[in-house]
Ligand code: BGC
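Given next, in structure tokens, is a single chain: the form predicted alone.
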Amino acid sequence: MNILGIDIGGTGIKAAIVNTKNGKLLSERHRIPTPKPALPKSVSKVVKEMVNYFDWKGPIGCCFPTIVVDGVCKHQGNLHSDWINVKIDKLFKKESGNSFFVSNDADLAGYSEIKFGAGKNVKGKVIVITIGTGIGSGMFYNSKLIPNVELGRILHTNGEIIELHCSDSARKKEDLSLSEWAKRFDFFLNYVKVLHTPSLFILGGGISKKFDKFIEHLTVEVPVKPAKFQNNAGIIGAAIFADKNYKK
């Protein structure tokens, strides 16, 4: 089935049409900056603009960058506190007229990697880490999702949440070299290893394109792979999620 996948991030909203049978993009990816402030009304208007851009009629899968339970936002994440308890799928449907299937962004990025990518047929616990404005995390056990595992909100030794220390936005904000940032990120991976003993880490988000340049700085004794779909993993996973839940 062909489905429009939308990935809402802290800095950009990206979308493409996806063939959910093989995970391939059937269109060019389109990106619109996330509005500031990222209020429900302003974000929903950008979502409508995206739907209109593709002239899309039909179900839509959507990644959302925080905790989502049954389509309801449970934490503001890196957006705005007005999102808390908003029924996201209902809001977007009201704006565009399409049926939306919304879930956590890292969970959905993980769907694509487990089904078609770096986590395919991997036994045990696989943790997908998306590195961007914050740190997203999707956890799978024998290919089954354990939803809303927010590892980026672990407290760092300085008392702040750890994503403020080792996200890609932190790297840019503090003008860290790739090696300096990778050492921070390695600290995070080693801590997660103690908590969850994964069989594999899969790294996604924009910085995964630079994987070959920072892998040498990672000491964690768990296999680490870049996401096969890199920054498109969320779009693809969102489409897969919608296909799975749409009542045909």
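Residues carry their position along the shown sequence, with the first being 1. Computed from a predicted structure; not experimentally measured.
The following text describes the form predicted in complex with this ligand, which does not appear among the structures shown.
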In contact with this ligand in the predicted bound form (heavy atoms, 4.5 Å), from 114 to 122, 101 to 109, 87 to 95, 169 to 177, is stretch 101 to 109
Could you work out which of Val222, Ile67, Leu39, Val46 is the residue within 4.5 angstroms of this ligand in the predicted bound form, going by heavy atoms?
-> Ile67
Heavy atom within 4.5 Å of this ligand in the predicted bound form, from candidates Arg153, His165, Lys74, His80, belongs to Arg153
